[in-house]
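In structure tokens, one chain follows: the form predicted alone.
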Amino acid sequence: MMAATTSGVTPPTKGEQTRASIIDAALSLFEESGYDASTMRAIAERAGVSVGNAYYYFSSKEELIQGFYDRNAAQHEARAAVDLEGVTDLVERARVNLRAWLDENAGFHEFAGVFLRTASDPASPMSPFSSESAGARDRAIGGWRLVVEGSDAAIPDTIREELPELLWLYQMGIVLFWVHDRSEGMAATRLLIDRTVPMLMRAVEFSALPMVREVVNDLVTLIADLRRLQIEPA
């Protein structure tokens, strides 16, 4: 077992470094040449590894992108965990989680459109809703669960269990806006987050009211039905 450094952080293994190099090489090539024109051979050459070595870690470009998704989700989770320390207000915790995502992905904005074009195909394994993306998706939803559970908000039981997934879906809308955002420093996306998070959380609070409860129950039932149909297609 590899020993931790004096800082308490275990350094990456040679295999992890190689995986990271291949992912970084792929991202730079996607930006320069486009996704379709970037071959595994070109990616391997850019990463300084053999083609066989590249295929050892990633059997295809799609699997390589999944590797990026997984790495990105883990890095966002780590950044958010630090930024969320001591924050108990649910609105602010949601903002912090989304800002952490923006900061973690700041360097990937220029070629986000490449991912969007491919991921928007429902049949693509790179879709955020695909079975191949389940690991990164579940990790992101788990992050939202920590946001909710670490808050001091009185969240109605009718929506508490489904709220993390609803917040992840809201995040997908933010990501789509971010892809098209050309404002300096992603100012428009940050404004969208700051203005919409409080509105969303007020809706969560209203879900406890008798006049809203039936609508909430219908929404929760719909989510459960959709999830079941995705897992058990006809």
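By rigid core we mean the largest C-alpha set that fits within 1.5 Å across both forms. From 1 onward, residues are counted along the sequence shown. Nothing here was measured: the structure is a model prediction, and the numbers come from that model.
Below, we turn to the form predicted in complex with the DNA, even though it does not appear here.
Participant: Note which of V51, A203, L176, L191 lies within 4.5 Å of the DNA in the predicted bound form, where distance is taken over heavy atoms; exactly one does.
Facilitator: It is V51 that has a heavy atom within 4.5 Å of the partner.
Participant: So, P12 and the DNA: in the predicted bound form, are they within 4.5 Å at any heavy atom pair?
Facilitator: Close contact is absent here: in the predicted bound form, P12 is far from the DNA, nothing within 4.5 Å, heavy atoms only.
Participant: Hey, in the predicted bound form, does R46 get a heavy atom within 4.5 angstroms of the DNA?
Facilitator: Judged by the heavy-atom cut-off of 4.5 Å, R46 is well away from the DNA in the predicted bound form.
Participant: Is Y57 a contact residue for the DNA in the predicted bound form, using a 4.5 Å heavy atom cut-off?
Facilitator: Looking in the predicted bound form, residue contacts with the DNA include Y57, since a heavy atom lies within 4.5 Å.
Participant: Given that the DNA is not shown alongside this chain, does M40 nevertheless sit within 4.5 Å of it in the predicted bound form, heavy atom to heavy atom?
Facilitator: Although the DNA is absent here, M40 would touch it in the predicted bound form, with heavy atoms inside 4.5 Å.
Participant: In the predicted bound form, which of 176-184, 162-170, 58-66, 193-201 comes within 4.5 Å of the DNA (heavy atoms)?
Facilitator: It is 58-66 that comes within 4.5 Å of the partner.
Participant: On a rigid core superposition, would G185 pass a 2 Å threshold for CA movement between this form and the one not shown?
Facilitator: Not so; G185 is displaced by less than 2 Å.
Participant: Are Y35 and H109 closer or farther apart at the Cα level in the predicted bound form than shown, by 3 Å or more?
Facilitator: Relative to the displayed form, Y35 and H109 draw closer in the predicted bound form - a change of at least 3 Å between their C-alphas.
Participant: Can you tell whether R139 sits closer to or farther from Y56 in the predicted bound form than it does here, judged by CA atoms, where the change is 3 Å or more?
Facilitator: Distance between the C-alphas of R139 and Y56: longer in the predicted bound form, by 3 Å or more.
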